[in-house]
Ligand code: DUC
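Starting off, we have a lone chain in the form predicted alone, written out as structure tokens.
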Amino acid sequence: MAPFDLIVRNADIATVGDRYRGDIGIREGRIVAIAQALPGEAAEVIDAAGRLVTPGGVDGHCHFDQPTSDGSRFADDFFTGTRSAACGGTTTVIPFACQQKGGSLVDAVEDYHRRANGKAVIDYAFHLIVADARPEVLRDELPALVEQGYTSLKVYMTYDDLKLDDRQMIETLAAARRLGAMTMVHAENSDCIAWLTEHLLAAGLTAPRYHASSRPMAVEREATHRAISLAELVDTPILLVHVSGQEAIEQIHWARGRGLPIHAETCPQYMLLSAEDLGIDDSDPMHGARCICSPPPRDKANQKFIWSALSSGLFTIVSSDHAPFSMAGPHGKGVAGEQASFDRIPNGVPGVETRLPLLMSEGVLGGRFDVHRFVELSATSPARLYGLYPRKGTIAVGSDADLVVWDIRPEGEAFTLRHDMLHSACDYTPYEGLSLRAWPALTLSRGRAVWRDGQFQAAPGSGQFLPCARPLAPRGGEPFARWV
């Protein structure tokens, strides 16, 4: 019997801390040897031919098959969503089990397992969305779920179906502190958005471009500061998700200067899209609807602050926030009609497949940061933050054999990104026409080729559910003890 199931030879291996040439030996889905030149044979040998090899991506923020209340439907289920992820080099995804108001967290988790079973083609875990922080939910359900491996939870400061008030936020943060769970926060001021939206609609300003006007940077800045303050009060870390603008970044700098454990996430839409993508006039309203997401893309000048914060280390992770609604059909962006006001258009853009190629092309090859920072943002840090490291997020003996072999084009040989290249069930990409120089030539998930030379080749249901370790140490004592 061959000592290895698979050897990847002649790889230019990059991790957070190292870069070297070598061979990677894989057996039963795990990396069992790394050497300059592995002796012996394998059932299969892949010659990387000196190409760059990085850990498979870990997308810590994406939405598949999530229930909605407005008649819309996410375009991707767990098959098409994970297929799309695999074709873009992502080998682990963490979507959300979303509690309904008045409902049970346990029921939400059971529902999401039903949605994922037999469909996912790569490995996955679940975050929890706490939309109803009733005492019995925080006292009884949440501790049991954390113990079972659902160790991260998301809370919203906006959206009527999901938002918590400040007291509920405090109670949830205190519960997360006691349990060693990581809390993710969607930070936008709901009352400000509602007031601005009401006045915009009354003035007849209804086109998609006014979505950005209803959610200016001040709305994100205030909620970011408030979320940081609540976390400081309770003395627990948080992750601020999909940070979009300079003013929120300044609040995170301020918090870090005070020594507070505040983590931050951003997404490609804030690096590469701008308010202009929501439309510069009202002549084609559905064109602008393509890029409605929350927070919205800011002006082009803001992009430099996102890139600077990525290169400086302020951002902990980059996620896709993949939330795909198709343009065609009765359940997508046009669910309320083609002339619907901006507040009735589903929020979200697709991006689970394009996250890594965009980061590699625009970040590494664009000279904004090095390949080690790329690995940190896209794989290692999300694996650590959500309790999956070192099984996921690195290339090391004992880790899962989740690898990406890159096809990197020389300068002057870029290709044009088109929607018809992609594998999501969503019918568009907001990055249509962008010039890229990198795409995965091969994606391995636990040693299985799920994407090779332009062909998807994984079976539905071949992905595994991953219970997560606690990312934080549970804290005893009263959370407010530092203040008394």
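Heads up: residue numbers just count along the shown sequence, starting at 1. Please read all numbers here as calculations on a predicted model, not as lab measurements.
This protein has a second form, the form predicted together with this ligand, left out of what is shown; the following refers to that one.
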item	value
Interface residue in the model of the complex among 377, 181, 293, 262, criterion: non-hydrogen atom within 4.5 angstroms of this ligand	293
Heavy atom within 4.5 Å of this ligand in the model of the complex - residue from 237, 357, 387, 348	348
Residue stretch of 192 to 200, 153 to 161, 387 to 395, 222 to 230 approaching this ligand in the model of the complex, non-hydrogen atom distance within 4.5 Å	153 to 161
Non-hydrogen atom contact residue 186 with this ligand in the model of the complex at 4.5 angstroms	yes
Touches this ligand in the model of the complex: residue 321 (any heavy atom, 4.5 Å)	yes
In the model of the complex, residue 63 touching this ligand (heavy atom, 4.5 Å)	yes
Touches this ligand in the model of the complex: residue 242 (any heavy atom, 4.5 Å)	yes
